[in-house]
Each structure stands twice: as C-alpha cells, then as structure tokens.
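Below, in structure tokens: the form predicted alone, a single chain.
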Amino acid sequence: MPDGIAYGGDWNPEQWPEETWEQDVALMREAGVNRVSVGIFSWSSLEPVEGVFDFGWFDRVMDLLAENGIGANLATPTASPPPWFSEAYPQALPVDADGRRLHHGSRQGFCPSSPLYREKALRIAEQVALRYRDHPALALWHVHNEYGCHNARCYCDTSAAAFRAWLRTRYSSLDALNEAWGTAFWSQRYSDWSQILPPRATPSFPNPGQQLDFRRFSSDALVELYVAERDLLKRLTPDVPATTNLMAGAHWDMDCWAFAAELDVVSTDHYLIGARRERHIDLAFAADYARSLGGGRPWLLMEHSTSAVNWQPRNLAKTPGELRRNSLQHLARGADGIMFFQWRQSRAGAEKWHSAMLPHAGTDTRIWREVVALGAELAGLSGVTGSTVKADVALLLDHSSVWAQDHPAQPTSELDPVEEAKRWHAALWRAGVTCDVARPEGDLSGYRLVVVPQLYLVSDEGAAGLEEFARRGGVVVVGPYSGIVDEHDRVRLGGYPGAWRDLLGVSVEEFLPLDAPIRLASGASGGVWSEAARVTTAKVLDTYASGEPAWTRNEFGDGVAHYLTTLLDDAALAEVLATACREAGVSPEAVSVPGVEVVRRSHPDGRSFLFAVNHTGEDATVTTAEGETVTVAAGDAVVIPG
C-alpha cells in the first residue's frame, strides 16, 4: 500500500491511442491518483501470437507511471485468454452442466482444471514478472481478475478427472464416499471411481452430497490457480505483496475464506445493486465481510463504480454525492484503498456504458469534479491507514452451508440464507452496531454476541465452537433451519436443530413452511417458515396462536442462547437482536439516528477516526458513546480525528 490511502482505478491504455497516455497520467495527478491497476485484460496485446511477446508498449506504460509517482497493481492477464488460445486448444474451453462447450468471445473462457490453460497462464505470468520485477512502479501483484465470475464450475471430462482425484484425496476410499453421499438412495452406490462424474444434467434431482462436493472442488480448483501464479511471482519477487480481487458479499460460487487465507492483503470489488431498496446497507455488509476475511486487518477496495454499471437490467446512475459517501463508507469499515473500475470510460466493448473516473464527456462533468474532490479529501485522511474497526458482534456465514441449501429438493424454495444474513446484518446496522462476519469454525472468543441467521449445514467443529462460546458467557441468537445437517449434508437425527438442541433447549419435530404470514402472540408476524417445536430447557418468550414456541431463550453454561422458529418481520427481529445486545453488553458507537451510520477506526496507540455518514435527505445530529455531538448535513459524511 502507498503512504496514505491508495486511490485510483483500472487503467487500460491498450484500449487507446498512445497519444492519450500522457494526458491520462497528467489527469491522474490532477485527481490525486497514486495507484492504478494495469495489464488485467492485456494478454492478447502482450502475447498476440502464441510464444511471441510484445512488451515495448507496456514498458512505456510502466515508465510513465514511475515518472509520475503512481504505483502499479500489476496484473497477470490470465483472466481473459486470447483468441489464439481457444483456436489452438478448444479442449481447454469450459463446458456447462448441459454439455455445451462455451466459446471465445467474452472473458474467462477456460476450464479451471485444464493443464493447458495453467501452462499458458503461468508462462505469461512468468514473462510479466521477469520483465518488471525490478521496475520502480511495481507496488502490488494483482493476480488474475475476479476468479470464477463466469466460469466457477466446468463439467468437461478434464474437470471430471480432476474431481475424481480431489474426491480420492478427501475420502480415500469408495466406501467412505458412498457413506458420505448416501448413495444407497436411488441405487447410486459407486463400485469404481471411474463411474463418478460432475453433477451434469440428469432426469431428476442430483445427489446432494455430490453437488456439494463439486461446489467445494470447483472453488478449490480456482484457489489452486491463484496459488500457482502467486507462488511463481513470490519466487521472482519475494518482497512484493500479492492479492486477487474477490467479490465478497456478492458472489457465492467460491469460498472467499479459502482465498483470503492465501492473500497478502484482502482486496475485493463491490457494486451497488439498483434493485435493492437500501443499497448503502448492502454496501456495509460487503465491507464488513471484506474486513472479516482478513481477520480485521485493513483491506483494499479494488473496484467500485463512480456512477452506473452496465450489467444490470436497469443501470442506475449515482446521485450527486453518492460516489463520495460510498467511498467513505468503505473507508470507515476498514479499507485502506479506494479504487474504481475504471480510469477512462471505454469507447467500445461490452463495458462501454460502465461509468469511470474520466467519463465519455470528459473533465467538464459532475463525475470528474467529484473524483478530483475525493482524491484531495483522501489525501488529507492519510492518518486513517493502518487503523482497524472493533466489532463486538459476529454473524456466522459459511459457503458450504449456502451451497448445500442451494440444492433444489428443500422444504421450501423461499429460504435464502444469504438474504437472511443480510437482513440480520441490516437490523444491526440500523441499531448502530458494527458486525463482523465469521466462519463457524473460527475463533469467536473476542465477541460478546454471535448471531446465526440461517446456517443449515454446520460441521461438528463449528457446532462445538458455538456451544463453547455460550458456555463461557457469550450470548447467541440462532435463526430457523440452522444446525440441520452435517458437513456431508446428512441430517442430524433425533430432532431439529440437531447440532444445537442442547444449546438452545429446544427440539423440533417438523418443519412447517408457510404460504402466508402468521401472527404471533406478541402481535409480531412471521413469514415463509415455522416449526413444530417444544422446549426442553428453554423459556418461551413468544408463541404462535397454536401455543407452539416462536422465540425461546435458554441459559447455557454462563451464557444465553435465543432461538427463532420463523422469519420474524423486520421490527420484531430488531427487538430480538436489541434484547440480545443488551444481554451481551453491546452498545452502538453513537445513539442511533435512522439512516445515519457511525463507525470508528482506531490505532493501537489510541488515535482514532470517527466516521458519520448521513444517507438521508435531512440534516442529522448524532451523539457518540462518549457524549460528543456530531452534526451531519443531508447526504454528507464527516470524519473526525480523535
């Protein structure tokens, strides 16, 4: 990272005549840009013919950056193989579940398990590293780009062979695999490894264990590709940090925790979804997730947009001031770098309508003026870098659980574990409570409260970890359809929620999905889901009209565990979480004002920065936990050193 906050975006000079490059760099300096990502989609320009390399033009790009004091997130251009690759090696192209081979014409046109792709990718990565390992502009390796965004799973014969090898390592024997997958059902028992395929299109539901393990394998295959490139770069440039841009909170086809464990610094991309009613809360979730992936360390926002994107049904432009608010939100929640896609808006290609720092209309534009103003503001906030955000609450979320629940044969199709997690996070956001995202198997000892909105699958280790957290005095809130199956998607027998019956003091006999909202004794309503439950050691706090429990509380060790058997309406959920926060001694950074978020970043020496961001159309005054009063104008954000 540079001295101060990294600021800039993707620069793609190969899309433009060389005479624009000097102008670009001059404008970067005007905007306060100190970091750009280069080379991301330049494979066909760097290696126009297989084995023939052209670095002359890129030398001039790197030299321009160095001469102007701008650092390079230097990419390995492996996310988009050139046309010669697909022409020469069609067997390396991805195949979908229906058996269709996908052809060249966009990006990420390769099978992640293809040894041919890996060979060619490592060759171009090595050429880039050898050429620029001592270049003064090189600041960070940007490996690949958005792994798995379009080719997360490939179903070709090469992938099938790699899947079988992965399964042999995981299970050692066919007997163990058959037991894990429950292959006695529907006469699916395997007698030879060669019989196992990816979950290609079949007449009916695929085997749940097979589907889940294929999702795991596919994620691992992408991590392997990153590690292969990273290790090559580290051998040649051991002191240059490496990362790849995840899509934390938005893209669930790969295990971000597994990727994060291999990154020197977590970086992520985030784009607002126009269809969401409160897009800034979704942004907060993604930022908290990115921070959590790195164990609370500062992270890098590699991409977001200055205004509209180009890939949604309706691409909404950002309102005046929203670019700044979005950027300061990410900064407040732990980012040490604020970068965009892209520097100069493309004239041609699939992303020509995606906004950029330098728009089609040039510098006499609102976007450009906001970009320049933000650069100057971030330069004045350099003291923020290195500081961290302390959260007393953790929200448990696991990719394997999301993947397992994605199987089509579920009690209802209306339970969405990611959306429910975001809804609980939003309730905490509205209460002014900052929240980490955590894996069930992670260290929970630093938290006061752990919430589990919907964790259908949990390992024995994860189940025991939550119990131990409560036993030692922590407060837990668990939502419905949690703790139901083990790591192989096999039901935990004896009554739901199998993993946590003792912790919650509840036993559920049957799931009762709803086709209409249901009224609770308290006047609250539940939706989508209910359960036929009875308490064993828990106390009932709210019931359905039938008298069966809807909200329970159980004392467990020195702690407390709450359980919900329905998806409560937003107001009732907020009350449950507020009750849990009070029990856990969790308080907000400031007295909650609707639509205003307050987050503090702190240094170990006691220095801190208080961020207050007003997402409303009215001026607001907030009072911090220390009694400090802060007034934030409508749509504004303030940063107060302390």
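Note that this is a predicted model, so its numbers are computed, not measured. Numbering starts at 1 and follows the sequence shown.
The same protein has a further form, the form predicted together with a small molecule, not shown here; the description that follows concerns it.
Enquirer: Hey, in the model of the complex, is Trp311 touching the small molecule, heavy atoms inside 4.5 Å?
Expert: Trp311 belongs to the contact set for the small molecule.
Enquirer: Are any of the heavy atoms in Tyr271 no more than 4.5 Å from a heavy atom of the small molecule in the model of the complex?
Expert: Result yes; Tyr271 sits at the interface with the small molecule in the model of the complex.
Enquirer: Is there a non-hydrogen atom of Phe214 within 4.5 angstroms of a non-hydrogen atom of the small molecule in the model of the complex?
Expert: Heavy-atom contact with the small molecule at 4.5 Å: absent for Phe214.
Enquirer: Given that the partner is absent here, does Trp424 sit within 4.5 Å of the small molecule in the model of the complex, heavy atoms only?
Expert: Taking the distances in the model of the complex, the answer for Trp424 is no, it never comes within 4.5 Å of the small molecule.
Enquirer: Kindly indicate whether Arg107, Asn245 and Glu351 are, all three, within 4.5 angstroms of the small molecule in the model of the complex, using heavy atoms.
Expert: Per the other structure, all of Arg107, Asn245 and Glu351 touch the small molecule.
Enquirer: So which of 563 to 571, 351 to 359, 517 to 525, 532 to 540 is the stretch with heavy atoms within 4.5 Å of the small molecule in the model of the complex?
Expert: Among the candidates, contact is made by 351 to 359.
Enquirer: Let me know the one among Trp403, Tyr496, Phe341, Tyr289 whose heavy atoms come within 4.5 Å of the small molecule in the model of the complex, would you?
Expert: The option sitting close enough to the partner is Phe341.
Enquirer: Just one of Glu377, Asp220, Glu146, Asp392 has a heavy atom within 4.5 Å of the small molecule in the model of the complex. Which one?
Expert: It is Glu146 that has a heavy atom within 4.5 Å of the partner.
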